[in-house]
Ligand SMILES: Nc1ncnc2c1ncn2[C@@H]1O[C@H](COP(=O)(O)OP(=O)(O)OP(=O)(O)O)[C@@H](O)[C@H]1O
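Only one chain is included here, represented as structure tokens and corresponding to the form predicted on its own.
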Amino acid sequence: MESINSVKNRFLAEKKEAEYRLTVKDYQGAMPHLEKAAELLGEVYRRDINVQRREQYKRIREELRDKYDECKQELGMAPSSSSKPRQSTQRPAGPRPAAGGASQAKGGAPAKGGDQKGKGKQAEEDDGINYVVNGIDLKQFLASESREKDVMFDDVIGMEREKRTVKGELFLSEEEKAYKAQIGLKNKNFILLYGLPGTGKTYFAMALSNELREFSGEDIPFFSVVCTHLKSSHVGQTENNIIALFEFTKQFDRCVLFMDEFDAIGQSRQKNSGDPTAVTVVNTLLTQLGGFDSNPNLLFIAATNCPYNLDGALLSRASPKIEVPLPGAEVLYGTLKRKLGDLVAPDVDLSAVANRLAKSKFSNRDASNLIDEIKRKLFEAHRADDMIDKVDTSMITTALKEVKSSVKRDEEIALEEFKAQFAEN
């Protein structure tokens, strides 16, 4: 373990760098150093038992927060909210608005969000949730309770080790939670799901959220957003959208936020030198995930097809990193059996079909497309001869000529390299 003096020295170095950047009015550059300094100071606080010094550490942390808020004010951003009443999730019905929760647009005026035409609608409160934050109507980005509530881990065939991993991190007894707090072990609240397109990352996230709801006995809200929708052509608006989205989650005692296509806003700052907003967008994400503005009651799940394009700082914060692989023959057979069922003629060997799909590297989405095409062949055959009411081998063979695997070899190679470097086995 690193010595406490070493941690103090790193804290002083971060604090000094932040103060220098403040003197030259580099507010954007000062913010991550202030965050890191506060994080290191928190480590010192947990390990130093001297009461007087602990009180001094508290004062220094407040000074760091004040400087951090000064930076945000200079950059035209909302100040940090260290404490805000949150909406209880211990309820039988849908979420209720929290006192002092996300701010509502005055006079019912349309909220200002991204630059997508036709999406700037007024916030609604029919479900008891405030969707307008910092003048941005978040309904244009996310869907409330956007999950299939009957999807559980039993519906996710395979991935048993990954299920055990997330349960071991998130499904804790009160005694386990208390001991983690006692020894200063932080909760992991940022999960990264990665894999080839169409493998079922969103499905896994929904199942995890539902399992967490069942385990806790709480109606934990689940919100989903596609990250490309957060992007705006207006300078600074993407960052404002991200801040508003994370601020929105603070209405609830507990909340799950799922972001798909995470690489759209979390791209490496080094690889995107041509994008002038890449640095500020990633810095904003880092602030929301681990700085003064972070929400300890939020479970954040991000999904991407291209984890190798993510910024290193984001990757370092994500744990666990879970690969959602291509389905094997067993999973594909279950899908074929469930979706075709009694439509298949007795002499059709679905197991052989599943093996063929697995060898051809079909994703779950590819398999669904194939099943739709098989049903279309059955419909066409039945329309020509109403005595035909079963899928035969020829229909499947013809459909396989028209529906191919969408997996690209270069994407496979890139994922294999990423897994070799970052996978948590």
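Please read all numbers here as calculations on a predicted model, not as lab measurements. So that the term is clear: the rigid core is the largest set of C-alpha atoms that superpose within 1.5 Å between two forms. Position 1 is the first residue in the sequence shown; the rest follow in order.
Another form exists, predicted in complex with the ligand; not displayed. Remarks below refer to it.
Of the candidate stretches 217-225, 307-315, 199-207, 182-190, only 199-207 has residues whose heavy atoms lie within 4.5 Å of the ligand in the predicted bound form. Contact check for 339, 365 and 368: all three have a heavy atom within 4.5 Å of the ligand in the predicted bound form. Heavy atoms of residue 77 never reach within 4.5 Å of the ligand in the predicted bound form, leaving it off the interface.
Among heavy atoms of residue 335, some come within 4.5 Å of the ligand in the predicted bound form.
Interface membership of residue 278, defined by any non-hydrogen atom within 4.5 Å of the ligand in the predicted bound form, is ruled out. Shown alone here, residue 156 lies within 4.5 Å of the ligand in the predicted bound form, counting heavy atoms only.
Note on contacts: among 253, 211, 169, 260, the single residue with a heavy atom within 4.5 Å of the ligand in the predicted bound form is 260. After superposition on the rigid core, the Cα atom of residue 358 is displaced by less than 2 Å between the shown form and the other one.
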